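Two forms of a single protein chain come next, each set out by itself as structure tokens; they are called structure 1 and structure 2.
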Structure 1
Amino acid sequence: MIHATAAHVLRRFVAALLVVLSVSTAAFVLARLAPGDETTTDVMEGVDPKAIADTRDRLGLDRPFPVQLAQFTWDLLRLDLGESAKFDRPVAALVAERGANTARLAFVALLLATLIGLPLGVVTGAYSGTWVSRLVSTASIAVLACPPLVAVLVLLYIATTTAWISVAPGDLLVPALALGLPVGAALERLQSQATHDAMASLDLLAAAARGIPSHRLVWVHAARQSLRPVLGVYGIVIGSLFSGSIAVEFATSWPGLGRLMLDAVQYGDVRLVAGCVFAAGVCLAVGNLVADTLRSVVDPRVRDLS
């Protein structure tokens, strides 16, 4: 079992590595093919042409595109993300600083989503048809349909009018709730369906016939069995947290990867854009790898399907 799990994790690790390299390279290509470059702002501001030419030479913008792509790919394989034209600092250092802030925000949001969504999903799935189940299901659908930007604006309005939630710079609660509540609603819907299916399975019906208490059936047997499909989406959930954090970080002035990515796109800082995508790809790949590993432990059949 240990060797099978290790081989499964190794295959997933190689696949994750290829995904990170692919999305980072694609980001570089798309950003470089977009109109303008790192010197566009200098041209519009009337900077001395000699200084602009020196900048283009330093950044390699005067080289053919295939040469630039080959250099970027080689640097990426050496984990060298280059220099940021906007901030005049190594991209790796910028991404590490802002990425740590986004990771902290995403972790708190994921923790809130998990603590809220999974238990409520077990309740609504095991006790479907009750008024509690209908109320929670309706609330989940409403929250799930709410984009993160709308959620953060509503939370900011509540915080400023009631003073129940702090909106001071650096406080996590508002952005974490804005990110975590829609994810928690999605997890509740998935867990609810998975729990409902688990409760109708033959092994749980047999366990109930043997006299196992209902609370143990629900919170031990059904909860564990229903985790298999839910764990499979955790990697996607982590990716959605990072993609949704751009609007939330901008609205709450949170100094994370989303705001850095926005600044990089507006300035045309191609290396920084690719670096931000690289960091997001790493987080998504790690999330998928962890979720796949947990699934292979919970359900050994997963290893045979990969």
Structure 2
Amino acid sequence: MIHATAAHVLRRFVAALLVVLSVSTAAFVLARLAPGDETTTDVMEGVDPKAIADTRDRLGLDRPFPVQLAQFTWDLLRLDLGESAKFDRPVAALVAERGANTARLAFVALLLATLIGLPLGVVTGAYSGTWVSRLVSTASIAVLACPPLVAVLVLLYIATTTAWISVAPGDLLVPALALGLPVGAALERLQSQATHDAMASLDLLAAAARGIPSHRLVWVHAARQSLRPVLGVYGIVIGSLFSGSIAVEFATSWPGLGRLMLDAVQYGDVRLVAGCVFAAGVCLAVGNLVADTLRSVVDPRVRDLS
């Protein structure tokens, strides 16, 4: 069994590696094909054309696109992400610095989402039809339906007007709530459905018939049984935390990878765009790998199917 699991993990790892390299290269290609380049902003700022020509030469922008792509790919294979044109610093250092911040934010947001979403999901799934269940479900749907930027601004408004939470750049709570609440709402919905299904399963009916107390039936038996499908989406959830963090980081001034990427896109810093995508790809791949591995350990059918 251990051998089979290791082989499964290895296969997934190789696939993840290919995915990361592909999306990074695709990001480079798309960013380079977009109108403008690293010197476009300089043109409108009236920078001396000679200085612009120097920059273009330094960044190799005058070389044919296939040459630039080959250089990027070769650098990527050596894990050299190049220099950021905007920040005049190695992309790897910038990405590591901001990626650590995003990871911290994502971790806290995931923790909040889990602590809020799963218990509420068990409640709404096990006691569906009650007013508590209806209230929580409605709130979850409202949070899920709200665009991230609007949700962040509402949270910021509450935080700034009540002064209950600090909104200084670098403070974690507002961005973590902004990022975590929609994920918590999604987890609540999933957990609710899974719990509802579990409660209707024959083994739980049998357990109830054996006289197991209802709270134990819900919080131990149904919760454990319903966790399996929810666990499977954690990889996707981690990915969504990274992609959803762009709006949140932008509005709350959180110094993370999402904001760095937005800066890079706005400036046309192609190497930095690709570097950010590379980092996000690695996080997503690791998240999926962990989720897959856990699922393959918990459910042998997954391993066998792959």
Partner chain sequence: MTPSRMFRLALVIALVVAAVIFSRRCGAPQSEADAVPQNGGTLVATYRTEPTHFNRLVEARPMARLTALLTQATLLRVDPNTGALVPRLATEWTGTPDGLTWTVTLRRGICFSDGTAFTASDVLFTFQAIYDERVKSPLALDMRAKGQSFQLRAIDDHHIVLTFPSPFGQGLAILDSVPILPRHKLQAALDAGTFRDAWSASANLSDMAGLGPFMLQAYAPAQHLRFVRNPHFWRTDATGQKLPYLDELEVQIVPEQNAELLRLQSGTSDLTNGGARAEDLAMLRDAETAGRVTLVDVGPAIDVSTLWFNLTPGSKAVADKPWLAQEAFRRAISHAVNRQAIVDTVHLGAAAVVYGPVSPGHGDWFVPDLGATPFDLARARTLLTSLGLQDRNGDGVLDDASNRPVEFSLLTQSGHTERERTSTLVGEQLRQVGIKVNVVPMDQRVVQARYASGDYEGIYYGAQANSKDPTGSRAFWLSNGPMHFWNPNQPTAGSEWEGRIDALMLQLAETMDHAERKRQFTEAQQLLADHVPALWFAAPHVSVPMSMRVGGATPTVIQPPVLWNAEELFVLGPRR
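Every residue number counts along structure 1's sequence, beginning with 1. So that the term is clear: the rigid core is the largest set of C-alpha atoms that superpose within 1.5 Å between two forms. On a predicted model such as this, the values are computed, not experimentally measured, just so you know.
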Report the structure number, 1 or 2, for the form predicted in complex with the partner chain. 2
Residue shift check between structures 1 and 2, rigid core fit, L30 Cα at least 2 Å: no
I want to check A93: does it shift between structures 1 and 2 by 2 Å or more at the Cα, with the core superposed? no
Quick one: core overlaid, is I212 moving 2 Å or more at the Cα between structures 1 and 2? yes
Value in Å for the CA shift of D48 between structures 1 and 2, taken after the core is superposed: 4.5
